[in-house]
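Below sits a lone chain in structure tokens, taken as the form predicted on its own.
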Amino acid sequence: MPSLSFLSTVGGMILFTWDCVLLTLQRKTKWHQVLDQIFQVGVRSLGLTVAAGLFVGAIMALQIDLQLKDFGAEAFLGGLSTSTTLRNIGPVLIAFLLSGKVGAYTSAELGTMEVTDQLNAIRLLGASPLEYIILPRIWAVVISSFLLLIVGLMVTIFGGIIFAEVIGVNSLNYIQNIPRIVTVWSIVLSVIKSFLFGAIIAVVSCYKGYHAKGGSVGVGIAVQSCAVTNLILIIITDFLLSMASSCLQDIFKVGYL
């Protein structure tokens, strides 16, 4: 049954994550391998993140400017565009791209190692694949995705500033209005989302690749399942965090979160 399969997958990922947490607490993380994997999955994705961030910023500035023109409020373009980008659109869209780039690469790599018995060879040598292969990749993907999301959001703001000049909005006015609407809570929420999205991409991609079965077809299925699961979990997490942010706003009256 699909529901049982879904619950089995969720339970498996929770146990998988717990095993990795225990290994980390036992100080068994091979940080030199983590740095190597950060280069493999992170640095090589920097160009994509920067390009995506520029276009996301331009799109947000364009769409919001079209709405503000009807009310003669184009002076607020910088603040509204940046706030919306930081809180919701930016982290989600960039996380989608990274789940396709970083997540697919990681799940395909681990899936290939599993179906070609490379992980079994490590087990025969008396070592743990989870410790030597999986854990460094999980930490690398978490760190890389988090840093790339932060870079992407910064570039997104820059993209909005550039496009504002194109449509005739003074960049100085655009920048001056950002602090009036963008609060500390908006930035904190953006950082939290970036970290959680990075963790989701790391756990799902490594879990799906580690449990791939059935040769090359199984690797393809693992990559496809990884992509779909990442998108669903990112959307659900974004919704839950947005709801929590709204509730905190009502409770503490701290302004727009």
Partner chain sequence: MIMTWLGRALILKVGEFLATFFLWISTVLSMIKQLLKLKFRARETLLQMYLLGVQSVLIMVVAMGFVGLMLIIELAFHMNLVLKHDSLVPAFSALLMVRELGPVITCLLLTSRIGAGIAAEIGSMKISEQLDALKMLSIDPIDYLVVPRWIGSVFAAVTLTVISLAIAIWGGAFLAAQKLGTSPGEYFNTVFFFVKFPDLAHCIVKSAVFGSLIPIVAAYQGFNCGSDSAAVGEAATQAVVRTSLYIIIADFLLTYLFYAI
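Since the structure is predicted, the reported quantities are computational estimates derived from the model, not experimental observations. Residue numbers count along the first chain shown, from 1.
The next section is about a form of this same protein that is not shown, the form predicted together with the partner chain.
Chemist: So which of 134, 155, 104, 140 gets a non-hydrogen atom within 4.5 Å of the partner chain in the predicted bound form?
Modeler: Looking at the other structure, the residue within range turns out to be 104.
Chemist: Scan 199, 34, 62, 192 and let me know which has any heavy atom within 4.5 Å of the partner chain in the predicted bound form.
Modeler: Partner contact (heavy atom, 4.5 Å) among the options: 62.
Chemist: Find out whether any non-hydrogen atom of residue 24 is located within 4.5 angstroms of the partner chain in the predicted bound form, and reply yes or no.
Modeler: Residue 24 lies outside the contact set for the partner chain.
Chemist: Can you tell me if residue 242 lies within 4.5 angstroms of the partner chain in the predicted bound form, counting non-hydrogen atoms only?
Modeler: Contact with the partner chain, yes.
Chemist: Residue-level contact is defined here as any heavy atom of the residue lying within 4.5 Å of the partner chain in the predicted bound form; does residue 166 satisfy this criterion?
Modeler: Output for residue 166 is yes: heavy atoms within 4.5 Å of the partner chain.
Chemist: Does any part of residue 116 reach within 4.5 Å of the partner chain in the predicted bound form? Heavy atoms only, please.
Modeler: Residue 116: contacts the partner chain in the predicted bound form.
Chemist: So in the predicted bound form, are 58, 232 and 236 all sitting within 4.5 Å of the partner chain, heavy atoms only?
Modeler: The answer is yes; 58, 232 and 236 each reach the partner chain.
Chemist: Pull the contact list for 215-235: residues with a heavy atom within 4.5 Å of the partner chain in the predicted bound form, in sequence order.
Modeler: Contacting residues: 216, 217, 219, 220, 223, 224, 227, 228, 231, 232, 235.
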